[in-house]
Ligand code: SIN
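We begin with a single chain expressed as structure tokens, specifically the form predicted on its own.
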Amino acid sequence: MSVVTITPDQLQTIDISAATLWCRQLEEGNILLFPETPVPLPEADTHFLRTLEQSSSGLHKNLAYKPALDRVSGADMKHADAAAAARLHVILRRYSQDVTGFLTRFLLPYHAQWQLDYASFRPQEERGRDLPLRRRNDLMHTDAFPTRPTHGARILRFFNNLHATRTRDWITGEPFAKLAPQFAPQKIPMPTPPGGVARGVQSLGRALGLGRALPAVKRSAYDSFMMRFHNLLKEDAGYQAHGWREASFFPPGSSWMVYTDMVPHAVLAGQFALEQTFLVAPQAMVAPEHSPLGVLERMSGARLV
């Protein structure tokens, strides 16, 4: 894993050759860093987000904007009035749209082959947060969604550090292809191919938008493994203490992007970050052999979604 810096000059002309190279860099487990964000917010909006009052209850670690519903969830502002809530909605919606517009050009091979997932604002200081183990950001993990299975789609995340003076401090580990054989099948059973009936019900349910109504079959064998892998990494004290890691410090005003289902990562410190998630279809990959799905299908010798 390495951090690949993208300069403003490299963004002046984006052609298919350069875009394909950047997709490959991501798919090989690298982080793409923009020292000067290509998706700036107006200073007034940044100031609003930095001064947004949050409850200290810790009930929500993020404020999430859901593009499909055009709705913000997780907001628990003290004394929030209608104007503040409406402004938060506008800022997060515009951020989601701006990131999508930029990446549509920057990652041209993925065009029309991703699903726009949540955008989020992360207002709290990450260092020293008191959260349940599986929700802790400061433990190394790969991403998986307990309520939103991807069925093999990749989890691509684009971040902005909004803090005026402080870096956002990460550590990252060995990519999935190197890490998975250390845990499967020794600590996690290998995923098994879905049965024909279950697969058919899954496909029908997704086509009808009934995923939430079919909890027994909505998660593929791939998703079940990735969720267990996420949990096991966080729960494995030996891995947390001794696993290979590298530090990255993302400066104020920067953006970076990475496939978080592939690159183990933890956030050790930082406050005020924006993030947009995309679920990129398996068929969009320019180097599918590096994907977690490709790795697991080679290890199991079977198709998993």
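Numbering starts at 1 and follows the sequence shown. Keep in mind that this is a model prediction, so the values were computed, not measured.
Same protein, other form: the form predicted together with succinic acid, not shown, and the subject of what follows.
Listed stretches are 172 to 180, 83 to 91, 104 to 112, 154 to 162; the contact stretch with succinic acid in the predicted bound form is 154 to 162, by a heavy atom cutoff of 4.5 Å.
Proximity to succinic acid in the predicted bound form holds for none of Asp261, Gln283 and His290, with the criterion being a heavy atom within 4.5 Å. In the predicted bound form, Asp98 stays away from succinic acid, with no heavy atom inside 4.5 Å. When succinic acid is considered in the predicted bound form, Ile31 lies well away from it, no heavy atom lying within 4.5 Å.
Of the heavy atoms in Arg122, some are within 4.5 Å of succinic acid in the predicted bound form.
Among residues of the shown chain, Asn137 is one whose heavy atoms approach succinic acid to within 4.5 Å in the predicted bound form. Contact with succinic acid in the predicted bound form, defined as a heavy atom within 4.5 Å, holds for exactly one of Val267, Leu63, Met257, Leu49, namely Val267. Scanning 1 to 23 for heavy atoms within 4.5 Å of succinic acid in the predicted bound form gives no residues at all.
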